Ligand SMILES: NC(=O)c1ccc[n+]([C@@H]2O[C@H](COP(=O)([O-])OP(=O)(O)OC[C@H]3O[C@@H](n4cnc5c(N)ncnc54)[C@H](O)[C@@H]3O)[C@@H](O)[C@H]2O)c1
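Okay, here we've got a single chain as structure tokens, the form predicted on its own, with questions on binding and movement later.
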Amino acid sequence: MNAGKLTGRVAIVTGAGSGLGEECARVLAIHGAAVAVADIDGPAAERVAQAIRTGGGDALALQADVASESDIQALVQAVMGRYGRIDILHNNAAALDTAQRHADRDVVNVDIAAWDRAMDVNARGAMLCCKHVVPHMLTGGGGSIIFATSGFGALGDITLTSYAASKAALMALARSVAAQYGKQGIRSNAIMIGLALTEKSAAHMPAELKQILLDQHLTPELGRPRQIADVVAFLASDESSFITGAVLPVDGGWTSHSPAMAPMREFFARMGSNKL
């Protein structure tokens, strides 16, 4: 990737106070972007922004609940007041804390409050950010919008019903934005993220579950946050200027293969041949 490929550009990253959002904000700054670090947790956003500034980058911390339209309006106004433009929007914020996961189960047992929260934060939040950022991108001649989605949004699974539905909605939203504003210079893409473990999530995930998931990847190891952030930086830059309306899997091959692959691999290993 070209060093400094985002120099002179301004990015907003939602949910950037920790996890994948933090890494994406950091990597965008490494490539030269000024980054608005937005998070519902104000002190967490400030911690990330300060780390970027300490490393020589330009960052502004902003507290915002993406489900609140007034918060998003204030966020966008603050970024425009500071930088005068918005070139990149990474819709990363998502509701997936422990309490949310425990309440978001199979459809019979899903908690309605968990369903509403997933839709409010994940889908409504991204829509509100687009609603209030796109006009400024149009004035500035264009921009790049990146949506963080998930394999849960494309494939059925046994839990996280609300999360899955909200992530599927983001894939449609990404395509809609691409269709509506592409001729005016705005590109819109979604990244379908696989399992990319932060240090915190890796420490809390049972080893057996990690192995189950690794068996379904086509890579030797599970993903790392930097691998996701590098793709976000690519989609934010002119290197991806002919990519829009796409849902790009960044998942170690998770969504690319037959669901029987892992047990079939074990079967063939026992048989000593892959002849059917």
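Quick note: we count residues from 1 along the sequence shown, nothing fancier. None of these values were measured; they are calculated from a predicted model.
The form predicted together with this ligand is left out here; the points below concern that form.
- A residue is said to contact a partner when one of its heavy atoms sits within 4.5 Å of a partner heavy atom; H204 fails this definition for this ligand in the predicted bound form, lying far away.
- In the predicted bound form, this ligand sits within 4.5 Å of a heavy atom of A64.
- At the 4.5 Å threshold, heavy atoms of T198 reach this ligand in the predicted bound form.
- Looking at L20, you'd find a heavy atom of it within 4.5 angstroms of this ligand in the predicted bound form.
- With this ligand omitted here, the record of contacts in the predicted bound form names 94 to 102 of 176 to 184, 154 to 162, 94 to 102, 134 to 142, defined by a heavy atom within 4.5 Å.
- Between the options A169, V121, M127, I86, the residue in contact with this ligand in the predicted bound form by a heavy atom within 4.5 angstroms is V121.
- Using a 4.5 Å cut-off on any heavy atom, the residues of 29 to 63 that reach this ligand in the predicted bound form are, in sequence order, D39, I40, D41.
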